[in-house]
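Only one chain is included here, represented as structure tokens and corresponding to the form predicted on its own.
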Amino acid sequence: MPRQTMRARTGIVDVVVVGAGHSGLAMSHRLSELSIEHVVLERGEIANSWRRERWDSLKLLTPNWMSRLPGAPYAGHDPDGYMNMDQVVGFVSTYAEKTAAPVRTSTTVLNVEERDGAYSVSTDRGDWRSRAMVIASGACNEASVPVCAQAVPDRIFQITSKDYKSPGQLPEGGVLVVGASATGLQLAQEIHSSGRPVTLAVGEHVRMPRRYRGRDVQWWMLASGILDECIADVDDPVRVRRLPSPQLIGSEDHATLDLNALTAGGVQLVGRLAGIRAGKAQFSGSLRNVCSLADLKMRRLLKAFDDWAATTGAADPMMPAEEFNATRIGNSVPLGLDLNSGEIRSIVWATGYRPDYSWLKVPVVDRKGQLQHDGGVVAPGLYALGLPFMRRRKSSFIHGAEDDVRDLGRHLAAYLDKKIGVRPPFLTANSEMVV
């Protein structure tokens, strides 16, 4: 049955997509394939977050061969390298041009409401109305900083990983980096290399080697099926969606960046920042246990790789199984640090990010500011993309958009058909279509 479109006047389309990053553009490509009229609204430029909200030296944590979008496989000459930010921006921008995505840049969405079965979208450059909507604005719109940051003495310079660009922004002297995900480790290493003493506050983290048995760890994650794991198959979806990014770095020498690499270079480790009182930072005494748990989980992951390789026969041309040293923790780990002593001049908050849905006036956001959804289906006619473990473990990866837009695009098309009397299928978290 042909799908009706809303072309009566400017500003009325079948679908509004918010965000012209890789997820929004992938959905735009899928909608074009389905001949669904749509517009992509972007507050800044195409790939704006990659352009404006990353530090200068950042590279992707995934090898180049994984940087692909629907209809656009990686076509460069360095498949095992890691894209820097300029290369990511170029890749995404070229994709927008090749797919002729209908992007409206410099258009900030101010308000979205559901009215009479459609969505009213107000922007600083006019209003839109659509029968369906896709939220592809990302999960890293704002830095997540603990409340205790308000107790930091005024003399200490504070900056978040979202605003950090390079060590030159920091005053000379000691730096406390809070957070031990990929971001925290990379910033700690870069800042320490600039000649500044660094103390790293370590909480829960995910440890991984960069390479295992001669292959990138992301190859193992993809080939063994871990990245394709569906959210429905996970015991605790809320927890896995909040896990920190694995301790990885993209570098020419394919080096492993973990806590051992940092301490070997002179970085001081302390436990999780528990609070700041009277100018003194207080750290948890559980550092040794936290690191032991991360080591245990890494060993389990590598054992799963080994078992998969042995079962499938993939191990034949590979290097033998490897073992990695346990995380080394000194005999005496400080439980406190006087921020008034002059030893610490800066604090870098690498404590994660959160989305910004302040513009979304539809009751689909929980009290913690997180979007409530079932595999990317938020509400009738309302969808999300690019969120951590949204449908699959790879949902937030660039290449993860391919499967997600296929599933959600099909569900969205069926929803639009429902408007003219066709009952849409139900989309399960296992990607099955049930009519």
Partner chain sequence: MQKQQTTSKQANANNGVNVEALLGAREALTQAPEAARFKWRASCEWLNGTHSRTTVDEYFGLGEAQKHRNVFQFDTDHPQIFASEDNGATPVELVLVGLAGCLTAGIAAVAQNRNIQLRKVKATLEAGMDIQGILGIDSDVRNGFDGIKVHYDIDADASADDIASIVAQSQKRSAVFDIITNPTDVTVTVG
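Numbering follows the first chain given and starts at 1. All values derive from a computational prediction rather than experimental measurement.
What comes next is about the form predicted together with its partner chain, which does not appear here.
Proximity of 296, 301 and 393 to its partner chain in the predicted bound form is complete: all three residues have a non-hydrogen atom within 4.5 angstroms. Contact check for residue 274: a non-hydrogen atom falls within 4.5 Å of its partner chain in the predicted bound form. Its partner chain is not shown here, and in the predicted bound form it never comes within 4.5 Å of any heavy atom of residue 171. Among heavy atoms of residue 321, none comes within 4.5 Å of its partner chain in the predicted bound form. Within this chain, residue 315 is remote from the site of its partner chain in the predicted bound form, having no heavy atom within 4.5 Å.
Proximity to its partner chain in the predicted bound form, defined as a heavy atom within 4.5 Å, singles out one entry of 351, 268, 284, 123, which is 284. When you look in the predicted bound form, the only residue of 204, 142, 163, 343 with a non-hydrogen atom within 4.5 Å of its partner chain is 204. Only one of 237-245, 211-219, 146-154, 110-118 places residue heavy atoms within 4.5 angstroms of its partner chain in the predicted bound form, namely 237-245.
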